[in-house]
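What follows is a single chain, given as structure tokens, in the form predicted on its own.
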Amino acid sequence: MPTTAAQRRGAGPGPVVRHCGPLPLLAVAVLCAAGAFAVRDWWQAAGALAVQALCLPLVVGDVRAAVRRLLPLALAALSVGWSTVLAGDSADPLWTALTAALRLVVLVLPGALLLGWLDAAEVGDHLAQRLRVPGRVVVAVVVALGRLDALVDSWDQVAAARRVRGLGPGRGPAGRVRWAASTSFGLLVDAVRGAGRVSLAMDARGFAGEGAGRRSWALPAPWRRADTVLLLAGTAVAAVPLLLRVGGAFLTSTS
């Protein structure tokens, strides 16, 4: 029996979360995102973020990869905070901006780190065998995740092809913006063409036929003890904003 993706990850060094399957990873990411909507004040967001920061050693394996993954989140949080200061109409715009920025970090941080451990084929195995999702849907999800993983390589190929044709980004900021926009359009065209090729290949292999919903699966999809531990711990972390909000309201009412 071939080894699963979780078994291959668990064989090497890394954080505890490497032993977990895709379903608890997805569940914890969704729960933490939902829990962030309970944040109403900056101190609630700061408390929830502090709890999430304590859990980082259990999730982060490659610090450099984690920093690259979180860089867009940092830019988005700064953008939200700055726009709130400029366009907000609250009595205290600085604290309102801080609350908005921290809420965004609490919302996105767990998912940005946890979803990096997903394996497309393993997601398909667990969706089909644990959740009983129809086979055609599972195959479509696996193919879509695989295409997402290939976007970086496609961007490099499109950018290299444009440079060979003499369509480099130039030196000025305006030229770089135009180059990024045109390269993004080329990436979109390449993605549409790739989707067409994948669709034809799936039809040729019988994925669109009547037997697509009755396929067997080569690898098992076990639910391990680590999955249960992660789900319970993630539920507790996701509940922190709500607990802080309820506790703050209780203290306010009794004072």
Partner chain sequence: MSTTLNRSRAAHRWRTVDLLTAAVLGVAFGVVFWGWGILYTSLTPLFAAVPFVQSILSGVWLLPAVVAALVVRRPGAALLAEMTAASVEALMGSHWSTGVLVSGAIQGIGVELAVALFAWRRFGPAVAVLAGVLAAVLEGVYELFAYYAGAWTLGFQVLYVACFAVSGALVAGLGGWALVRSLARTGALSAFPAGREHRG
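Keep in mind that this is a model prediction, so the values were computed, not measured. Think of the rigid core as the biggest set of C-alphas that the two forms share within 1.5 Å after superposition. Numbering follows the first chain given and starts at 1.
One more form of this protein exists, namely the form predicted in complex with its partner chain; it is left out here, but the text below deals with it.
> I need the one stretch from 42 to 50, 56 to 64, 196 to 204, 226 to 234 whose residues put non-hydrogen atoms within 4.5 angstroms of its partner chain in the predicted bound form.
Single hit among the candidates: 196 to 204.
> When its partner chain is placed as it is in the predicted bound form, are V137, L145 and L151 each within 4.5 Å of it, taking any non-hydrogen atom of the residue?
Checked in the predicted bound form: all three residues contact its partner chain.
> Taking the shortest heavy atom distance, is A91 within 4.5 Å of its partner chain in the predicted bound form?
Contact check for A91: no, nothing within 4.5 Å of its partner chain in the predicted bound form.
> In the predicted bound form, is there a heavy atom of its partner chain that lies within 4.5 Å of any heavy atom of W95, even though the partner is absent here?
Taking the distances in the predicted bound form, the answer for W95 is no, it never comes within 4.5 Å of its partner chain.
> Would A38 count as touching its partner chain in the predicted bound form under a 4.5 Å heavy atom rule?
So A38 does not count as contacting its partner chain.
> Give a yes or no for L86: in the predicted bound form, does one of its heavy atoms lie within 4.5 Å of a heavy atom belonging to its partner chain?
L86: yes, in contact with its partner chain in the predicted bound form.
> Heavy atom within 4.5 Å of its partner chain in the predicted bound form: which residues of 25 to 49 meet that condition, in order?
Going through 25 to 49 in order - heavy atoms within 4.5 Å of its partner chain in the predicted bound form - the hits are L26, A29, V30, A33, F37.
> Once you overlay the rigid core, does the Cα of D41 travel 2 Å or further between the shown form and the other one?
For D41, whose C-alpha is compared between the shown form and the other one after core superposition, the shift is less than 2 Å.
> Examine D92 after superposing the rigid core and state whether its CA is displaced by 2 Å or more between the shown form and the other one.
No, because once the rigid core is superposed, the C-alpha of D92 moves less than 2 Å between the shown form and the other one.
> Superpose the two forms on their rigid core, then report whether the C-alpha of A195 is displaced by 2 angstroms or more between the shown form and the other one.
A195 C-alpha, core-superposed: shift of 2 Å or more.
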